[in-house]
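We begin with a single chain expressed as structure tokens, specifically the form predicted on its own.
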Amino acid sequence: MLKRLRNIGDCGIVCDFGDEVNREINTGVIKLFHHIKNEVSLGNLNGILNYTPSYNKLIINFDLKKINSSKIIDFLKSVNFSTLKLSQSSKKWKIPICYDFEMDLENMSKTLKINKDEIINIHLNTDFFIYMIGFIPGHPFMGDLNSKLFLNRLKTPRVKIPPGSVGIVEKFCNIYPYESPGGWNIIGRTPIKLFNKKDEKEPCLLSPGDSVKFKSISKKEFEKLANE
């Protein structure tokens, strides 16, 4: 449930659902995200520039020449959250992963005191829920990982993480869409492209509220899919 609203600058509003990070709170954020998206598409909220969901917050940016914060806040206060539903467009994805491209399985096994095969098996049998897309375009933050695999970030982040790398930290799993710095524990890599800048309407493959389950593939299958 929405706990408080506050302004950030002249053209932004934070919808704050609290400080906890869990699926129930995040589902509320995503429901409001889809509701605002629908109202904007219907022309009922003119002047909204962007609405960005995170784990437990939703940031709304707007054009001050077309709408002001008081009108948006009045709209938000009128929302009946009990009637909001998750978008019917939420999808279930099967994402291929090649564990041969791991970078941290050995250290993970030593830290967790679990053999590599069990780590992979737990990862493959987890249904991940996409909490948010952020950090870089198309980058999904997915929960909730089995507590047996909870790990801290690397003490020294890597300067370059290959695109498609799948990492885990604490209760979350992510996929790096592009080569970028990162401090997550890399468990494998996917050949799937997560962001297409040429697609102006839907550049991100994944969306908040979608779910992901990984499917293990060989290095040969990885190379075949990467070249398609």
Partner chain sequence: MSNFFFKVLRPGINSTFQDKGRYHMQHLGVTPGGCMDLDLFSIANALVKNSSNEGVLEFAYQGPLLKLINGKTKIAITGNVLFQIIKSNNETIKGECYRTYDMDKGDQIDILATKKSSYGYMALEGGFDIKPFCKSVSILSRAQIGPNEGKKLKIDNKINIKINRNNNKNYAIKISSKNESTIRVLKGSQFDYFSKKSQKDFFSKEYKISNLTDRMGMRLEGEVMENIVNTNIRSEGITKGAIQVPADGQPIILLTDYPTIGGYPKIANVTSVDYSLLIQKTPGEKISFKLIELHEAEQLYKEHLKSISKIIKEIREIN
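A quick note: this is a predicted structure, and the numbers were derived from the prediction, not measured. Residue numbers count along the first chain shown, from 1.
Below: the form predicted together with its partner chain, not depicted.
Residue-level question: is K3 within 4.5 Å of its partner chain in the model of the complex, judged on heavy atoms?
No, K3 is distant from the partner.
Although the partner isn't part of this model, could you tell me whether I186 comes within 4.5 Å of its partner chain in the model of the complex, counting any heavy atom of the residue?
Residue-level check for I186: no, no contact with its partner chain.
Partner proximity in the model of the complex: I136 to its partner chain, non-hydrogen atom cutoff 4.5 Å
Although its partner chain is absent here, I136 would touch it in the model of the complex, with heavy atoms inside 4.5 Å.
Against its partner chain in the model of the complex, would L64 count as a contact residue? Criterion: heavy atoms within 4.5 Å.
Close contact exists here: in the model of the complex, L64 approaches its partner chain to within 4.5 Å, heavy atoms only.
Answer range among 142-150, 78-86, 127-135, 113-121 for contact with its partner chain, defined in the model of the complex as heavy atoms within 4.5 Å
Careful reading of the contacts points to 127-135.
Sole residue of S69, T190, N26, N174 within 4.5 Å of its partner chain in the model of the complex, by heavy atom:
Of the listed residues, the single hit is S69.
Would you confirm whether the three residues P157, I217 and F222 all fall within 4.5 Å of its partner chain in the model of the complex, going by non-hydrogen atoms?
No: none of P157, I217 and F222 comes within 4.5 Å of its partner chain in the model of the complex.
Does any residue in 39-55 get within 4.5 Å of its partner chain in the model of the complex, counting heavy atoms only, and if so which ones?
Counting only heavy atoms within 4.5 Å of its partner chain in the model of the complex, the contacting residues of 39-55 are V40, I48, L49, N50, Y51, T52, P53, S54, Y55.
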